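As a starting point, one isolated chain is supplied in C-alpha cells, in the form predicted on its own.
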Amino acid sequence: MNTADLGLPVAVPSTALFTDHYELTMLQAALRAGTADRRSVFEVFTRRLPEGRRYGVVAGTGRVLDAVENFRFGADELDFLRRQGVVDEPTLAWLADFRFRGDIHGYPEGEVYFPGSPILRVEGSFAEAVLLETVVLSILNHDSAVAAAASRMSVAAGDRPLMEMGARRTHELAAVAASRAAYVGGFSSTSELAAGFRYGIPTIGTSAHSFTLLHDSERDAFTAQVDSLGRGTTLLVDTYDVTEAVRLAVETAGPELGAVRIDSGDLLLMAHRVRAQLDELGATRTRIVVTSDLDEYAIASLAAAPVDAYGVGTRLVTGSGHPTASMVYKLVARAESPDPAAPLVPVAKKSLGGKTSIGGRKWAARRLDEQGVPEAEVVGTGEVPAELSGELLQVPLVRGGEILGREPLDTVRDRHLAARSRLPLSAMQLSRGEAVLPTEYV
C-alpha cells in the first residue's frame, strides 16, 4: 500500500477529508441532477510562473498517488459528515463505496513545466474526479514551490552539497513534505528525521549553540562532541569568538576534524578567514559549512568563497518568497450525457482578470531546436504532429484506479537534474526574466 510498495515504512491514512466542503456539496447536487456520472476531464496547470522564475518543477506526484489511493471514507469520516450535516444520506451511501477508478496522466515527477503546461490530467466521472481537486492542489502547489526554490539553490550551489534544515520554520507535517520536495530539487540531505524515516532521505546533524552554552567552556563542549561523534564531526564555531573557536576545534580534534560550521556574521569574509586559519593549523581537509538564512542569491554570492556545503532552512521551506506554485484544477472537457460512449465536449471558464482557461483534453510536447535544446512547450488538443510524437511529456500514472506511476525518490531527483540540464542556459540565471520556454497552443 502506497509508500510501502517501495519498501518504505509509513502508510498514509485516509485523505478523504483533506478537501473543501463544497466538493461534497457539488457531488450531492450532481448526484441528484443525474450528471454525476458524466465522463469528465480535469487538468492541473498554472497560468504564470512566480515573478523572475524561468521554469517550474513538478514535485509531489508520488504523494498525490498515495493520496488518491487512500481517498476513502471510513466509518469515522462518514459519521463526521453526518453529524455536521455536510451531505445527505444518499450521498453518504455513495461515498461509503468510493474508490477512484479513473485514469490519471501527468508530467513525470521531477520534470520541469511552464505556464499552461497540463501538469496533471484526471479523467473519470465528474463525481470521482471533482473530489480529488483540493488534495491534489494542496500537494502539488506546496511541493512544486519548494522544489522550484531548491532547484534554483542547487543551480547557485553548483557541485557543493545542500542540506535541508527547515523543519522548525514550518508546520510539522509540511516539514516532511518540504524535505522530500527539496531532495527532488537537488538537495542531498535533511535534518528532519521523519523525512529520513518516511522517504529514505539521508539525514544529517551534530550540535547547536545550546550544546556549547551547556558546558563550562567551549573546549569542554568540543571535547564532549568529539569524544561522542569522532574526529570527523562538524563543530559549530560562532558561539563566542570564531577565531578562537577554530583554534580550539583543531586542537581538540586534530587535523582530522571533519568540518566547522559558521551560522552568523559576514559569511563571505568569515569563510575566507576560517579557511586561511584552518590551512595554517594543518587542517587542510577540514570543510567549511555555512548556514544562516540562506537563499539562492546568498548562495550565489558565496560562489567564490571557500565554502564546502550549505545548510538552508526558512527560505527553502517557504518557496524562497513564493510558497505556492499557483496551480489550478479545471474542468476542460465533459461528456454530453452519462452514456460511456458519449463524446467529450470542450469546456472552459470565461472571465475577466486573467482567469480564463482553454478547453479540451490536452497533450504536451517539448519542441527541440537543431542542437536538441528545447525551444518551446507545445500544448494541443487535436492530433499530435508527427515531428512531436517522440517528445510527449505526459505519462500514465493511474489506469482504471490502479496506481502505475510509483518510483524511487532517487529516480525522481535524477530526472529533475537531467531535465534542468537540458534547458537553455538562460534558465540558470537568477536575474529577473520570463519563462525560458514559450508555451505554444496548436
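Note that residue numbering begins at 1 and tracks the sequence as displayed. This is a predicted model, so every value here is computed, not measured.
Same protein, other form: the form predicted together with a further copy of the same chain, not shown, and the subject of what follows.
- Contact with a further copy of the same chain in the predicted bound form, defined as a heavy atom within 4.5 Å, is made by none of Ser188, Leu404 and Pro424.
- At the 4.5 Å threshold, heavy atoms of Glu77 reach a further copy of the same chain in the predicted bound form.
- Taking non-hydrogen atoms only, Phe126 approaches a further copy of the same chain to within 4.5 angstroms in the predicted bound form.
- Contact annotation for Thr134: at least one heavy atom lies within 4.5 Å of a further copy of the same chain in the predicted bound form.
- In the predicted bound form, at least one heavy atom of Asp216 sits within 4.5 Å of a further copy of the same chain.
- Annotated contact segment (heavy atom within 4.5 Å of a further copy of the same chain in the predicted bound form): 238-246, selected among 238-246, 303-311, 362-370, 111-119.
- With the partner omitted here, the residue from Leu268, Ile358, Leu229, Ala342 that has a non-hydrogen atom within 4.5 angstroms of a further copy of the same chain in the predicted bound form is Leu229.
- For the stretch 16-52, the set of residues having any non-hydrogen atom within 4.5 angstroms of a further copy of the same chain in the predicted bound form comprises Leu17, Phe18, Thr19, Asp20, His21, Tyr22, Glu23, Leu24, Thr25, Met26, Gln28, Ala29, Ala30, Arg32, Ala33, Thr35, Arg38, Ser40, Phe42, in sequence order.
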